[in-house]
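The form predicted alone is given below as one chain in structure tokens.
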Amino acid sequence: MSQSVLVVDDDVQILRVLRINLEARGYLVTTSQNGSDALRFVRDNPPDIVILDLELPGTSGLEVLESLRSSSDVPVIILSARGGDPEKLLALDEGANDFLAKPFSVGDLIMRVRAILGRDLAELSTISTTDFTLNFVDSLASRGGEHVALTDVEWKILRVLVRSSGRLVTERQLLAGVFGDGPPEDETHLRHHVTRIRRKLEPEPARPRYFRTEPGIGYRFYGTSV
């Protein structure tokens, strides 16, 4: 069954380009040029994912996002011409799943749609890349056939990142996913843990293929080297 995408943007050209490219890949696409119509559509015909521009006439994209999150957990990818770090963090903190600054690559957007709508990693078992294997059932890791020792905190970080494969995980989200309601570790300690993971698993830790950083924002895990 085809997955459905709602694209919300007041730029007719962007709507046309995204419709053509998404439909060519088998998605069912609906478009809207304003937030009010988009909210009505989601209420009556819930899509599998929403691609949402922040700069909309009338009801803003952020208001649409806030309304969606009050009643729905539909995944949302934000588009914005401003694209600054504060705006990214605000949208992500409000519940967006990912963020792309305009102008953007259509290929990059489709990759992120696929990542969000891809396989369910809620129950992690074993994942393998060309460089390492992670067995989440037995907490065993190997690289090049050799055992790799990972700490409990490193396993927790890996679970959060791998479960969100391809998607941006903010530092705040990662801290909450790893430490929950316990004493929070600050971003410096988190970066230290991620650095250690890279040293243990990445073929070139200084040029990571799998555990990518978006400076000042968070991290992504890519299940294959890119």
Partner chain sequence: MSRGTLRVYLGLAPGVGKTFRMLDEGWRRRERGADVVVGFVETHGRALTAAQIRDMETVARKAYEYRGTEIQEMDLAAILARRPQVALVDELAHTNAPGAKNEKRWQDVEELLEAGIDVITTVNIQHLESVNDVVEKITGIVQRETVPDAIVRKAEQIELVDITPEALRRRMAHGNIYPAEKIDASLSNFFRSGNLTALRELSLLWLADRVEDSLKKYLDDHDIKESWETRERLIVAVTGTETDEALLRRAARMASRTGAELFAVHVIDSGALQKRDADTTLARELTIEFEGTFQEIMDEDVATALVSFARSERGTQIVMGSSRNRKAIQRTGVIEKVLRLARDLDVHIIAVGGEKPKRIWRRRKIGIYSWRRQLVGLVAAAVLLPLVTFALSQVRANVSESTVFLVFLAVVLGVASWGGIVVGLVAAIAASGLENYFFVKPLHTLEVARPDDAVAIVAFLLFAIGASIVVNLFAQRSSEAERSKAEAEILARAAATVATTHDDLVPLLDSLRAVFAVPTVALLERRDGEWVPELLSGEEVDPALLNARFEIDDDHVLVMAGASLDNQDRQLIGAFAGRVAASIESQRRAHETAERQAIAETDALRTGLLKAVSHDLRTPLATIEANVSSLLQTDVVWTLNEQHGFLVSVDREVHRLTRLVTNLLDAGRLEANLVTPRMLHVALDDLVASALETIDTHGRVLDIDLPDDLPLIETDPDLAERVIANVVSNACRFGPPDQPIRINGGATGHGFELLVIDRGPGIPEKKRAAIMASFQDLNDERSGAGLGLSVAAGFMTLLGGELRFDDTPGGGLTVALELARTESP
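Positions refer to the first chain, counted from 1. The model shown is predicted, which means the values in this text are computed figures rather than measured ones.
The protein also exists as the form predicted in complex with its partner chain; that form is not presented, and the subsequent description refers to it.
For the options Ser105, Ser71, Ser125, Thr130, the residue carrying a heavy atom within 4.5 angstroms of its partner chain in the predicted complex is Ser105.
Contact annotation: its partner chain lies within 4.5 Å of heavy atoms from the stretch 53-61 in the predicted complex, the single such stretch among 28-36, 53-61, 167-175, 195-203.
Looking at Val17, you'd find a heavy atom of it within 4.5 angstroms of its partner chain in the predicted complex. Among heavy atoms of Arg114, some come within 4.5 Å of its partner chain in the predicted complex. Although the partner is absent from this view, Thr213 stays clear of its partner chain in the predicted complex, with no non-hydrogen atom inside 4.5 angstroms. Proximity of Leu140 to its partner chain in the predicted complex: non-hydrogen atoms within 4.5 Å are absent; the residue sits far from the partner.
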